[in-house]
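To begin, one chain is listed below as structure tokens, in the form predicted on its own.
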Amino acid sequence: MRVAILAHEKFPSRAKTALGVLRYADHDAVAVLDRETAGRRVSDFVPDVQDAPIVAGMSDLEPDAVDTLLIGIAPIGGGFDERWREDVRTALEYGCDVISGLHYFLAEDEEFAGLAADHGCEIRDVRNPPDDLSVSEGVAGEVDADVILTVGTDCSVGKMTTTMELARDARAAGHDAAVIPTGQTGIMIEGWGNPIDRVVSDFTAGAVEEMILEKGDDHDYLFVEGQGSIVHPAYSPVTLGILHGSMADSLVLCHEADRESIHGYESFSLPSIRTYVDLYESIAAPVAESEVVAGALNTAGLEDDEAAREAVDDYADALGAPASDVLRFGTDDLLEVLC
């Protein structure tokens, strides 16, 4: 599938969906749309993902060059920015499908729905959950697979990236591993999943459990994409639903080097790493003996490898478990205790 990825004013630092798709999805990236960096290339900013030119808008592409427009950013609250309307309109007029991970459903937008019908396009809102979800039965722990969940100290610290890297490297090492996608980025990469942050609260654990049961007897390892943080003032319910619904065997605690407060809620300081370990394990304990056995530290903000290595070592010491920056230093130390 040939995709254009919309990431206006956010690429690359605040476009984690775009970067996830460029790094892990099996798509041919034709272009990234970003008015601020148009004229440059993805590789000018991020060297280790699929390269593509950056253009100012969908109208800069030939109508027959792209199959799908993918919304590669999701602002806090998941709303639709009206400045994107022209790009979505142009894509539909070109006959392109549109994939969105917003809480605003493009398929319910009267203009977009009409254009899709007129031009034979599909609009896929991946954050629109199925209608047949139900409450958890508390049986995810009965599957044959070992269930490994990434949890975080905050949002946007690398849970999705860590999940994908661990699963990919586990498969490369000969293990039978699968990803359980719980958010828009994971769903766009894997092509299936339940968007847990859009599910009715009573059904969040059940929506995770359903996916565990679907895959758990067909694979040896399930790597569950975590969301949010157990201390997040807005998103902790999503984290709790995934934690209890997955009934994970092992937890990987993800953190960003030098982050001291919750992104977007800077009046809330992050607790100590040991506090996170105690919280995640004690909250999981009533339903599963989940244990934090490894850590992943995002050192993207540290330019020097030596400083990054020192930060990882300090994080491992604080955690009392093996740790790595999975992009910078690989996953071997983590997989040794997970698989």
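Not measured: the values here are computed from a predicted model. Numbers follow the displayed sequence, beginning with 1.
A second form of this protein, the form predicted together with a further copy of the same chain, is not displayed here; the remarks below concern that form.
With the partner omitted from this view, the residue of 143, 178, 231, 121 that lies near a further copy of the same chain in the model of the complex is 231 [heavy atom within 4.5 Å].
Listed residues 213, 117, 172, 135 were compared with a further copy of the same chain in the model of the complex; 135 is the one with a heavy atom within 4.5 Å.
In short, of 163-171, 89-97, 243-251, 217-225 it is 243-251 that has heavy atoms within 4.5 Å of a further copy of the same chain in the model of the complex. The shortest heavy atom separation between residue 279 and a further copy of the same chain in the model of the complex is within 4.5 Å.
In the model of the complex, at least one heavy atom of residue 235 sits within 4.5 Å of a heavy atom of a further copy of the same chain.
Of the heavy atoms in residue 47, none are within 4.5 Å of a further copy of the same chain in the model of the complex.
In the model of the complex, a further copy of the same chain lies within 4.5 Å of some heavy atom of residue 202. The partner is not shown here, but in the model of the complex the stretch 250-284 reaches within 4.5 angstroms of a further copy of the same chain through a heavy atom at 265, 268, 271, 279, 282, 283.
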